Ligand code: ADP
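In structure tokens, the next block holds one chain alone, the form predicted on its own.
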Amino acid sequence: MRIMVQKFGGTSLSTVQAREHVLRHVKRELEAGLSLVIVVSAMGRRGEPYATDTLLDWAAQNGNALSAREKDLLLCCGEIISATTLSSLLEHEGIPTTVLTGAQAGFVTDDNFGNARILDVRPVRVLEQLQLGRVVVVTGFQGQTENGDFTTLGRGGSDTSATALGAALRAEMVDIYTDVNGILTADPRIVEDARPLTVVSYAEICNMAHHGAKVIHPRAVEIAMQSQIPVRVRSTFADTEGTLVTHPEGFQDVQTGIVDRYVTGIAYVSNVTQITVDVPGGADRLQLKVFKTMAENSISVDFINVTPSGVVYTVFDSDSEKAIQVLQEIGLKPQSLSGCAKVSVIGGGINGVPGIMARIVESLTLADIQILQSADSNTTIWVLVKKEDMVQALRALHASFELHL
């Protein structure tokens, strides 16, 4: 069988008109001779009846006392409603379907309720139904422990379900349908001349997803990369090909003039606080004390610079008050700067190319934007700026690297 996995997000299923577009995409691939597995998210966004956030709000309004295990049981309802709704529409069109929950589709997870990790995918029933000529509709975002408890995979979990199932089935392609036309060079709400990318590497989009781009979850990309399953990010509301995510050697199969680019895109994360812990003359095991304290209090740290006399790092603004408090409790005197933004310049061609950082500094200096901190890897350079400078920084860097061309 030639198997394709299609994943449709909440906005792709939330209205009658959107669901008509979904049916069109399904029919097109069936007419091309592909066997289809469709992974669905809960319909809509907060406020709409079956959205995940609406279910969470419902629990909060009714005692707000669900344990993590029982909360996962509730949240699984959203995807079940989506899957059965789509199944009914497909059957009405004469397309035979079978709906499977994450557990029935073979997703085995650990018991970290609310953010479970996939341990294995055993798609026996999926294959059986495909061999019978049926379209299999799978509830995304969920799985089951070895003991039979329902689990959810955390935010973006349906993307992860789709690529994990694609890997287990050795699918030809995983198509992630969203409300945008592929992956863009920057957030189009901020950078008006951001343009869609024809092709990106797994590493590039994984970095973009980790550093603020929300079009696909980084866990989903990592699974696809490990299994070498190509992924396309496409719009539910158009028939364009969207963006192909693959290995760089696969770029030659795509007609594009951007293979040799240095920088692929610009991403951002806002609402972060910079924390500085300085100790005159240095301090034995200071770094260990700081980061062990953060870990013990479940505070996520990022953008870390370590020196012999201190450390500088960031936390989310929502965690900053607690971070400062626990550091003071162990005798340290942290300084903090809230309301910052992390801006990331991402590209597979950055490594080993002189002048990239110089161009970043030049463009931000000309825009009178102060760089509070910087770091780099072989595919990404990060700068920390004040939040009020974030929009101007994104636009300046996008223009400097000519990503609009």
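Every value quoted in this text rests on a predicted model; they were computed, and no experiment measured them. The numbering used is simple: start at 1 and walk along the sequence shown.
Although it is not shown, the form predicted together with the named molecule is what the next lines describe.
Although the partner is absent from the chain shown here, 179, 189 and 213 each have a heavy atom within 4.5 Å of the named molecule in the model of the complex. With the partner omitted from this view, the residue of 89, 108, 184, 312 that lies near the named molecule in the model of the complex is 184 [heavy atom within 4.5 Å]. Put simply, of 138, 164, 208, 174 only one has a heavy atom within 4.5 Å of the named molecule in the model of the complex, and it is 208. Using a 4.5 angstroms limit between non-hydrogen atoms, residue 45 touches the named molecule in the model of the complex. Only one of 287 to 295, 320 to 328, 213 to 221, 90 to 98 lies within 4.5 Å of the named molecule in the model of the complex by heavy atoms, and it is 213 to 221.
Contacts to the named molecule in the model of the complex (heavy atom within 4.5 Å) from stretch 1 to 17: 7, 9, 10, 11.
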